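Just one chain follows, in the form predicted on its own, and it is written as structure tokens.
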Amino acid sequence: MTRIKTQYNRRSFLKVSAAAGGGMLIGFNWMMSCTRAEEKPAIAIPNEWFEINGYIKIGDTGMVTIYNPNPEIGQNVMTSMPMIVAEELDVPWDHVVVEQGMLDSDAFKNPQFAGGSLSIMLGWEPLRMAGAAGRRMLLEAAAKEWGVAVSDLSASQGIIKEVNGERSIGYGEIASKAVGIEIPEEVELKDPTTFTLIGTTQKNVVGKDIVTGKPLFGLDYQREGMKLAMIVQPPAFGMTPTGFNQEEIKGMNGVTDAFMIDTGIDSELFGNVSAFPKCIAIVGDTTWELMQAKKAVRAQWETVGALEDSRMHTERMEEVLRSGTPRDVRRDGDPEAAFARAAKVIERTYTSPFQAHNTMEPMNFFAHVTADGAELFGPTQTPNALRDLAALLLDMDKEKFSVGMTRMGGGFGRRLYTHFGLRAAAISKQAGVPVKLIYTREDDMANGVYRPAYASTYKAGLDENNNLIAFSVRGTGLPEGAIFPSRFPAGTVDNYLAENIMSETNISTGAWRAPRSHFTAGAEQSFLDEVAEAAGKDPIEFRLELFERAKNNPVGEEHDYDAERYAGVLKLVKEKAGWGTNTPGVFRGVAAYFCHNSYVAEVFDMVQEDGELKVQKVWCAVDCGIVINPDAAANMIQGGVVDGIGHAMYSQLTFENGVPQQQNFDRYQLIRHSQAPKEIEVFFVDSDVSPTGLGEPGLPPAAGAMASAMYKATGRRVYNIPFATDKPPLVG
């Protein structure tokens, strides 16, 4: 076992007096109170337990409630995070119920959020500590009851036993006496080799509710007396409303109010992103009546900024790539001199347009603002940021806010930003009623926050023996560049240069699944495939040679990745896919990438069907440390692959005079079921390393592997996303 200090966080544990009832509740500063129990386990419902802030709740029958602290966005943390606690508490999984937490800033110092594939990685130690502390307190209570030392007892599967005796007692029977036990200064964590729950596949704790249509999502949320609200936004980036036919709209059937709101806040807090702080709000009874009112709005608009178009964006990025001043640079050796003496130089530029998030569940949020406080409830990835910004907007003490999290029907970064929640709060305050704000698909797609557009130029120099002696990459975007200067191949090439350059735009942008990595991985890995071909080397062996250099004799300052683990996923996918075997009519591509502290390698098999290229099968090798719930983990990687294929192949958002030209799925194409791979196999590296991210790392390699497979099929490479518009003709 590993011993871990708890003292530095002892104040964050909450002990509940036995006088309050027969049970035990332990709070931890990452964790928090919850609002709804899921399907009950195979154990009797307790007569006594507690519904207050905390993390573990134990009833007198041995039933355990474990609270999920983080927003559930489809990454299955509502199952995997409680599994970690249950493992260290050592309680049978079928004795556990799970409840979704609310935001509680009094109890928890770290924000609860869903982003950056960080939930499990950052929660790993606190979750284990909370479970282990609970187990220890139960042991101490039993030891005191029986007059023995804690070392004379063992705890397993919800039962405490004497090591050399006959007595045993269930957690539920001793829980009421454990509440008075002092939190230990340090607790013992299990050795990962002894895990019995972590590493096993467990079904989604709300899976049945999802497939049977139970109300879980923000759009399902109802409240007595609640009105609905919709918005009318400026038609173009660079415009703002100055007025509208207010009285006419207020007089329409089903409309109870209509007014303008302004949610612009002078704050640098995360989440304060919106190109349209001012908009028109309409409040009423039904979505149909509100949509009719939206159509009847005659607004006056003022141009307050540039009305940008896609040609302008392309020209701006081209100019910045030629002459822009980089802000983020890594330089090893003398790249310029090395390129000058290279026997062969390969230089390619890659581009990708703006892309929308397109969450399946339309954007929505509930708000009820009164003079005494504010209640916010809905699908948010950043409840802390929403509360803090809403407090600034409403000029209200943030301690008067209650923020609840519903399950999200997709997010991908879209729900990191708070403007839709802020709008709901502003509308509720002005209308004086609880409201649920609902966006149409056009409201969402025409408003941002989008994935930035990108452009990067890669350059490689080979000597007369086809050794890589120089490598450079120069990238920009609107507004951010996509380059990670110290990621691969940094550390593998004697002469290396990486430069990031910023550009300007008034289009609102933000994080999108695997921020920046989604573009850079595709460009970098596609380019490396081309360089390997120019060097006359197998693309996997070419990469493995570079990793050997990074392991044995790395170049320059420290690089961001572990070369052994990076090479490991390539070797694993090579083995599993049978790389090197040739099947007639099957065209193969490979890519590997490191992001969100995890390593993923993918091999794509592409075939021709009915005159079109299609990805038939994908092999994925993943090193994310310890895997909590294997089937759920594989699902995340599979979803990332499909998402990566679809967005690389089809997605683009273009502008004319500041107006997005794709505002619904009739013009913005997403991948269809028939276009997804028939099979995706996922293999995890066995590891005792603490777990890292999974929600995002499966996506970035997809574009590079697909581009390389397309080249094998067509004989011509693609450099611009979406590939559907850059797609070369089939060979033959």
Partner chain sequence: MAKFNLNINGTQREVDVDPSTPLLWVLRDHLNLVGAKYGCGIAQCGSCMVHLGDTATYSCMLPVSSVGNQKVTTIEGLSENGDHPVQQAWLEVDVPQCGYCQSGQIMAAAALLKQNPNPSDAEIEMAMNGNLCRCGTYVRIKEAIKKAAANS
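Model, not experiment: these values are computed from the prediction. Positions refer to the first chain, counted from 1.
Absent from the display: the form predicted together with its partner chain. The rest refers to it.
> Hey, in the model of the complex, is Glu530 touching its partner chain, heavy atoms inside 4.5 Å?
Replying inline: No, Glu530 is distant from the partner.
> Contact between Asn495 and its partner chain in the model of the complex at 4.5 Å, heavy atoms?
Replying inline: Looking in the model of the complex, residue contacts with its partner chain do not include Asn495, since no heavy atom lies within 4.5 Å.
>> I'd like to know if Leu321 sits close to its partner chain in the model of the complex, meaning any non-hydrogen atom pair within 4.5 angstroms.
In response: Contact check for Leu321: no, nothing within 4.5 Å of its partner chain in the model of the complex.
> Is Arg407 one of the residues lying within 4.5 Å of its partner chain in the model of the complex, judged by heavy atom distances?
Replying inline: Because a heavy atom of Arg407 falls inside 4.5 Å of its partner chain in the model of the complex, the answer is yes.
>> If the cut-off is 4.5 angstroms on heavy atoms, which of these, Gln662, Thr263, Gln202, Gln100, is the one near its partner chain in the model of the complex?
In response: Checked against the cut-off, the match is Gln202.
> Among Gly305, Pro235, Gly639, Gly180, which has any heavy atom within 4.5 Å of its partner chain in the model of the complex?
Replying inline: Comparing distances to its partner chain in the model of the complex, the residue within 4.5 Å is Gly639.
> 496-504, 394-402, 241-249, 215-223: which one contacts its partner chain in the model of the complex at 4.5 Å, heavy atom to heavy atom?
Replying inline: Contact criterion met by 215-223 only.
>> Heavy atom within 4.5 Å of its partner chain in the model of the complex: which residues of 661-688 meet that condition, in order?
In response: Going through 661-688 in order - heavy atoms within 4.5 Å of its partner chain in the model of the complex - the hits are Asn664, Phe665, Asp666, Leu670, Ile671, Arg672, His673, Ser674, Ala676, Pro677, Lys678, Glu679, Ile680.
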